[in-house]
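Only one chain is shown below, in structure tokens, and it's the form predicted on its own.
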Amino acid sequence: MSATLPGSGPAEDWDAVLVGGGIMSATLAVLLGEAQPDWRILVVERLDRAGLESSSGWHNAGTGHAGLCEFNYTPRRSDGSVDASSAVRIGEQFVSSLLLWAHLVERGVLGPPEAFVRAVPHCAVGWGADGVAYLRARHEALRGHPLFADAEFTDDAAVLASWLPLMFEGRPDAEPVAVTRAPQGTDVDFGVLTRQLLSALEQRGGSVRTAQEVTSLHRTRGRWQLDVRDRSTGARSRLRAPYVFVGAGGGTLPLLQSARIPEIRRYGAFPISGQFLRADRPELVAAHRAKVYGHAAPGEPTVSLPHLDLRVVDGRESLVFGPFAAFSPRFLTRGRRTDLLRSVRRGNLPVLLASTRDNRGLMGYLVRQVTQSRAARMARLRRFVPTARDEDWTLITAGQRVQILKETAGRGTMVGFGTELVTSAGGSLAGLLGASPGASTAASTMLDVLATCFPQRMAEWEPRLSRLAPSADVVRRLDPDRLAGELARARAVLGLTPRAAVPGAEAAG
């Protein structure tokens, strides 16, 4: 199992090493174990438990992103119509994840699904005449697709109050307002799901090691060598594998930089810490049983989309409202204060400078967010909850995100949505950069990783993988009846069959 490298001591040999114990690595490990059951697969995580960084229940909004309510996936065209293509694509990616989870539950390799996923309606709210017009156009653009067919639209005050009493009971009719409601929405605890997936990996003979920090990564003699430090004892060790995947969230960029691969030179990074207002009072939680997304205020970037969400973490229900941006130079919640400075290299300095120059509006927004007072945050909350009391809401820090910067057509661009796969050495090293919608697309994204890194093996692997999950491309090609049937079965297995829609809703059109 081990080999000795000159001057380095013994190095453990593995077929694949996945760095980072979050939802991406956990999903890839399960898929890779299905595709190649005889491979020795190791997942290493720097914290003392998996799923505690970006996958933690309190470090993300828990939204099963499926394009049902998020305005940033449905940009408005100049003629007032809506481009729904991104929302459809994200919906297809989420179907891939749902089908994977359902198949694993049916096999008995995942724990009870109610521990990690619940049915929570996804709503979008449009304020003012322009916001209502935008929401109506969005609904019209999506309603013809089978993934969005059961979404409802209403601007009736009585229906609004029945759907979302905390937001609309007793609200003055001061402005036009409308809401779409998709009953098939979900709330996901990705931390619990991550740990269940890694447990499934171990049941198949894979290994998971926690409190192991990969300090450097380099290629030697045709394989990747990883230097590892045990954070509990300080002991150092080395791993070696022909294939390495880095899914370490904010820790991915520094590790790929340490590998000195040319593909990473054009990327920079800017860390943003997210904050939310959280309420646990049972009466408030009982009056809001949904996730509600609004649209960005004029002049604000799409990363600012406000939302009021029902969350279920470790079986406990709460409400969260945000996000509010904050700043920390760390790339991980428990990272180093020098992370940002250490990421600046000669190769990516032009990207950083161009991004600062070409994103002044976003930078100004972030500065305003960082200096925002509690009174200003509560004022934003009262847009959603007019009766909100200061004493019921606590400000919490909800994880750390690294926004990826790159140069596109001569301009510095912040990759605000989606993920970017970086591969090197013929696909033997892969790293995932980016964030939202992130975790919700894990199955489809990791299938894409396998296809990119192992094209010569996919003819053999595809039949095995298709038994677990279709890619988003396969989902796109399903006829509507087949898609509806697959979704209905998966939702039944996962306990997600929604309750009947609230009577009285009026469909748009």
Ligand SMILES: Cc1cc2nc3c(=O)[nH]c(=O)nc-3n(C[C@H](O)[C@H](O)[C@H](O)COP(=O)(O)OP(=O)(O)OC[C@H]3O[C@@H](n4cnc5c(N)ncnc54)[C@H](O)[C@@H]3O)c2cc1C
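All residue numbers refer to positions in the sequence shown, first residue = 1. Predicted model, so just to flag it, every value in this text is computed and none were measured.
Although it is not shown, the form predicted in complex with this ligand is what the next lines describe.
**Student:** Just to be sure I understand the contacts: of 185, 91, 126, 399, which is the one whose heavy atoms reach within 4.5 angstroms of this ligand in the predicted bound form?
**Tutor:** Only one option qualifies, and that one is 399.
**Student:** Scan 156, 83, 213, 114 and let me know which has any heavy atom within 4.5 Å of this ligand in the predicted bound form.
**Tutor:** Only one listed residue qualifies here, and that residue is 213.
**Student:** Among 32 to 40, 479 to 487, 46 to 54, 465 to 473, mark the stretch whose residues have heavy atoms within 4.5 Å of this ligand in the predicted bound form.
**Tutor:** Stretch with heavy atoms near the partner: 46 to 54.
**Student:** Would you check, heavy atoms only and a 4.5 Å threshold, whether residue 163 touches this ligand in the predicted bound form?
**Tutor:** Looking in the predicted bound form, residue contacts with this ligand do not include residue 163, since no heavy atom lies within 4.5 Å.
**Student:** Can you check whether residue 451 is within 4.5 Å of this ligand in the predicted bound form, heavy atom basis?
**Tutor:** Residue 451 lies outside the contact set for this ligand.
**Student:** Even though the partner isn't displayed, in the predicted bound form is residue 208 close enough to this ligand, meaning a heavy atom within 4.5 Å?
**Tutor:** Answer no; every heavy atom of residue 208 is more than 4.5 Å from this ligand in the predicted bound form.
**Student:** Tell me, yes or no, whether residue 496 is in contact with this ligand in the predicted bound form, where a contact means a heavy atom of each within 4.5 Å.
**Tutor:** No, no contact at 4.5 Å.
**Student:** Quick one: name the residues from 241 to 275 with any non-hydrogen atom within 4.5 angstroms of this ligand in the predicted bound form.
**Tutor:** The stretch touches the partner through 247, 248, 249, 251, 255, 274.
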